[in-house]
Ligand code: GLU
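One chain comes next, on its own, written as structure tokens: the form predicted on its own.
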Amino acid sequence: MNEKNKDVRVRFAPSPTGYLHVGSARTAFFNWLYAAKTGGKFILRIEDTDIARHQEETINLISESLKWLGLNWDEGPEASGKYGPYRQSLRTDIYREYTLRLIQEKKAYYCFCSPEELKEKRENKIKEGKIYKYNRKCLKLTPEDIQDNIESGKPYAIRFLVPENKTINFKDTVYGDITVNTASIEDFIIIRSNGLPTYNYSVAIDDALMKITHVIRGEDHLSNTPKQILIYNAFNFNFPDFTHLPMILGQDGQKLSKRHGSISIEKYIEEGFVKEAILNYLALLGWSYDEKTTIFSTSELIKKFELSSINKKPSKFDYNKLLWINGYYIRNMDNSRLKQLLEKQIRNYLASKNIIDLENGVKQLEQKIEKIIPLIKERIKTLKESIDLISPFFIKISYSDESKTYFKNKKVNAPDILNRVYKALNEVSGKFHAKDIEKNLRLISERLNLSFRKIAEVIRIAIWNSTISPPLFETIEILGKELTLKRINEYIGIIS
């Protein structure tokens, strides 16, 4: 095990097979947190030797998601470091060198058994109700047999020679003392027939050579640890401290998957979540400070985070809780930052929809969003939700069929009300302020002896194409006199 006073070095080692999954993001964050807490180093290593599942374009997606979350790495792609390269596909010479050493020391051997042959043997054992374990057929080959097979071009893999009847002991921070006998482990493949290393082999060598002191990863890797310790022992490497994180389940108790909704960080960015909320929620998936505290800033998490406080029990991903936390961070966000985020959100929306028919110029976007924020800040849980509340200030509205016929069978004279509203707003002198707008509009209610709620409903349909809008008087002020009157006039024409 590592010396207690040794500088902490942790790593996040994703396989580029897709987007950054919630579970992977949690693993990255816990590693980053521990490095930040201990003054250690956070290393990013790309494990890209699984050719069948490899997607090169996702390397950049994963990196960008980590950067967006603020999980910047000290060593790795784009950051260099003295233990690189930090992509396994660029480390094949290193694996080859260590493999030759194992073969020379008779700790590994060539295996020429074909996949078809191994599959048949495995299936036969299953039919017999027995557990399949490789029978070490190729261990019996002579040096001459091996040479002949290689020279004839026969495909081969390389297997690790597992010591017989040895006990492997290690302590996991979460799961405690683990004991495994090698009798349950077959001679596993360390180099595939394509020349690339298997996961357990490459990860053990890389962790040792990169001087990783603490391996913090998902619980699904717990069963891999004994094999990796065998590799460590074969090279007389010190192995790291292990912490395996509990599984993340959906609300139905099943493993978290796409059927439970969005599970990638990229999707949550698209849906308008803020990084503080996501990090806060990720921390609650398997870790707790006490039984009541839910909200933690990242700086608080760095101070309070302890590996010993990670739970063994699987976590359940609760989207509604994440949504609530996100709403909390939006409500408590500094208006200047929220303004930047909302402006970006609405600009991206306009660009994605190729919307150029604007009634309020994009040049006014920044100025108007500043006024809009107080109207919507308490109402939204995600940045994306703001689009429905912000876009009508700028985009030409189209009246729905429901809006066009809304007052047809209602006991209210909508055209008369709107004509009075038009006149009242037109008479607002000087600056078009909400307080003056309110004063003039409430006079209509008094003159008609009609509740202002009914008058407001008519106005909202006319200027917003909905019975629901941000606070009415402030909304009219932000729209401005010209645009408000234009919409009222247009709607009068529709319903008259």
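When you see a residue number, it is the position in the sequence shown, counting from 1. This is a predicted model, so every value here is computed, not measured.
Although not depicted, the form predicted in complex with the ligand is the subject of the following passage.
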Quick one: does V203 come within 4.5 Å of the ligand in the predicted bound form, counting heavy atoms only? yes
May I ask you to check whether R217 falls inside a 4.5 Å heavy atom distance of the ligand in the predicted bound form? yes
Could you tell me if F317 has a non-hydrogen atom within 4.5 Å of the ligand in the predicted bound form? no
is_contact(F170, the ligand) in the predicted bound form, heavy atom dist at most 4.5 Å: no
Assert contact_stretch over 412-420, 75-83, 217-225, 390-398 against the ligand in the predicted bound form, heavy atom within 4.5 Å, equals 217-225
State the residue from A13, V10, I476, A25 whose non-hydrogen atoms include one within 4.5 Å of the ligand in the predicted bound form. A13
Among Y110, Y199, Y95, Y406, which has any heavy atom within 4.5 Å of the ligand in the predicted bound form? Y199
Enumerate the residues of 45-63 that have a non-hydrogen atom within 4.5 Å of the ligand in the predicted bound form, in sequence order, or give none. E47
